[in-house]
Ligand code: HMG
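Read the single chain below, which is given as structure tokens and is the form predicted alone.
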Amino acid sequence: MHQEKRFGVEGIAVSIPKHFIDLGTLAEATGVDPAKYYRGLGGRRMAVVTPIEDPVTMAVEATRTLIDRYDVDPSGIGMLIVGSESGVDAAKPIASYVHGMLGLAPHCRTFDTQHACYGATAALQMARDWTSRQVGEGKKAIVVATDIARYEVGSAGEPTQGAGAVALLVGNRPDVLVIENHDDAVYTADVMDFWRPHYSSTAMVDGHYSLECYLKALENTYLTHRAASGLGWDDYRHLLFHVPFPKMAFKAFRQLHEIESKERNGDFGPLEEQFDRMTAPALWANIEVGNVYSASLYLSFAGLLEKSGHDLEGARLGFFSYGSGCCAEFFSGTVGTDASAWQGRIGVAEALAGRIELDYDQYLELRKETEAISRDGSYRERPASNGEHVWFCGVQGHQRIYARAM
């Protein structure tokens, strides 16, 4: 009997900055009740980049970890896509830097995808389609979600900042996640709920409107996917959502719970109990890292895989990806049946261990220095102090200069 070929995620790895600020520290320094951030947003800490870290270095770190821990043959990578809204150049993609810094083979298609936080999902679906067209075993694709969420100091968005990267190996041996084949459940609307003009290094957001746009897109794509796939609420072990802040995942879950409860005439399980079982286990890393834009959904997936281990084998997951502007998609996938395919390789807890906490003044100083190093003439020779990191050295002659520490 002919067996349908499967395509999806063969490996996953993360990169998280080594510095963070506690949201309580930020709240107290700005005269806000810490409970507003801890309970109102659902977060605890947010990652902060140093001047020598940027979306390129985080993408390189995540991809290098992926290649090393999953024994990936670099010559077999035929496509590298980076999903990001934190591009470092208006023309040259992050993918080009990553390709060069990791020494991948020249016969490799490289480009970035941009649609706010939806960019990585667009890249993942494109990579899956591409791998399905390869002859024989085919080449592999790597998708990297890398972003720095940055808002103005003192703005409502400031406590929803964060940074990080997630790298995914995509191919025809999806031991981590088989992406199920159903008609696309996508939704697009031309809205201005969140944006960042070229002349601004920080994002702008209409918070309440963005929440409305998110929930409208969620309802549309969930119902579309349900009709196209025949899968319902009871078919999912977990539901994962885009996480601009952890409390948003609860709002999203509640939206779907209300739809199901109404259709069942109220004969449905308690909201909090179901949320704690189906979505909360995927949020622990987001609570520690903050918003990572295009990587937020996949950081949840990475965290869930790492914490659940063997308990997640064979489970079906529902994924909701949302990018402001807006484009959204709901899709489903089945986790591999052998946790040894990913255990000890993802690196979330490892990346969070030993992080350095910043006080408020240190946080502000790092922001200032990070802005300065992105201006022309900022290049400095930087001593090699850690052989496991890739450094951004500054800008010289209008070119960003990177150097691997030896």
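Treat the numbers as computed from the prediction; the structure is a model and nothing was measured. One rule holds for the numbers: they count along the sequence shown, beginning at 1.
This protein has a second form, the form predicted in complex with this ligand, left out of what is shown; the following refers to that one.
Contact annotation for Tyr151: at least one heavy atom lies within 4.5 Å of this ligand in the model of the complex.
In the model of the complex, this ligand sits beyond 4.5 Å of every heavy atom of Val72. For the chain shown alone, Lys251 is a contact residue for this ligand in the model of the complex, at least one non-hydrogen atom being within 4.5 angstroms. Mapping the unseen interface onto this chain, Leu211 counts among the residues with a heavy atom inside 4.5 Å of this ligand in the model of the complex. The stretch that touches this ligand in the model of the complex, counting heavy atoms within 4.5 Å, is 320 to 328, out of 89 to 97, 103 to 111, 320 to 328, 175 to 183. Of the residues Ile52, Leu358, Leu366, Leu41, just one reaches this ligand in the model of the complex with a heavy atom at 4.5 Å or closer; this is Leu41.
When this ligand is considered in the model of the complex, only one residue from Arg237, Lys216, Arg196, Lys247 comes within 4.5 Å through any heavy atom, namely Lys247. Along 149 to 174, residues Tyr151, Ala156, Gly157, Thr160 each place a heavy atom within 4.5 Å of this ligand in the model of the complex.
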